[in-house]
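In the block that follows, a single chain appears as structure tokens, in the form predicted alone.
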Amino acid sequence: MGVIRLGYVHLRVTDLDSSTEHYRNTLGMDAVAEEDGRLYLKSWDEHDHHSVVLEEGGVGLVKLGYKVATPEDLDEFEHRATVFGARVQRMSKGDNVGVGDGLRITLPSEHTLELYNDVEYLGNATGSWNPDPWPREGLRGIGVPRLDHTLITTADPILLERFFSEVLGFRAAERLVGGPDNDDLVGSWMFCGEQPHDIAFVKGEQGKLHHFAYHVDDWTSLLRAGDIFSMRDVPIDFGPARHGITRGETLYFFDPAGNRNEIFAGGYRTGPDFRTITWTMDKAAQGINYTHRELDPDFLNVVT
């Protein structure tokens, strides 16, 4: 039983055409469906129906979707979430294009989280028989291979960490603490598989998105992404740089609506025996931007 990974991020954007240009031609995602002012996209090395949904009309996060291992997991997670006190409802096949029955939970942070197992399988761009390492017809723009993680904000990181731990079985890879006795949780980076984090959250406004990230192969791929952003006048937030937290290599930027994206590489392997790493607020700048050991306050304050 368990949550497998982040499956999709559903966003609001101010202008669907300009955002489509960004996600298709700069990031290199493929459009797989469109209806009712929404565009569904997937990256070339993703197999399920979609991983990003763009919805015209505003800015910010609509909901997150996480895939679970079995249909029976939905019953168990429904029970656990109800006992925890979260607001829970069932979702039906067709509520989301390409996605089957599932569970919709309102998190303590006021974000909407959807859990599902059944999803339409489209396959990746290289197939499963003697595949090439990347598509022969080439990649558009960066050619991001897959969605990686997301970071959201919450007024009560301790409560949200409890929810992900007690209800969904996530574990904290790293924690950022503050206060006179270092007992105030400022942020938590949590995993459900073997990567450094599948979701993270920091103290802030309820219901907001800080960023969501795509995985790329390595530092060279990340530097190439930076070149493409410069060529296409994409606003860069910071990077290329290295995080101390997660040890990941990073480059943050904004889509045309102002939603923050990230290109992420590297990091370490987690697992059932991984021991949580702790950072203190006096080292927060180094934890977030290890390369330069300084942090623009707007990096944490700008959310959508």
Ligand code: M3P
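These numbers were taken from a predicted model, which means no experiment stands behind them. In case it trips you up, residue 1 is the first one in the sequence shown, and so on.
If you look for the form predicted in complex with the ligand, you will not find it shown, but the lines that follow are about it.
This chain is drawn without the ligand; in the model of the complex, the residue among Trp189, Phe77, Tyr214, Phe170 with a heavy atom within 4.5 Å of it is Trp189.
A heavy atom within 4.5 Å of the ligand in the model of the complex is found for one listed residue only; from Thr246, Asn259, Thr26, Thr270, this is Thr246. Though the partner is left out of this view, Tyr66 does not reach within 4.5 Å of the ligand in the model of the complex, counting heavy atoms only. The ligand in the model of the complex comes within 4.5 Å of a heavy atom belonging to His149. Proximity of Phe264 to the ligand in the model of the complex falls within the 4.5 Å heavy atom cutoff. Taking the partner from elsewhere, Tyr252 is found to have a heavy atom lying within 4.5 Å of the ligand in the model of the complex. Looking at the ligand in the model of the complex, residues Val32, Val97 and Val119 place no heavy atom within 4.5 Å of it. With the partner left out here, the ligand still marks one of 123-131, 189-197, 107-115, 68-76 in the model of the complex; by a 4.5 Å heavy atom cut-off that stretch is 189-197. Contacts between 198-224 and the ligand, taken as any heavy atom within 4.5 Å in the model of the complex, involve Val202, His210, His211.
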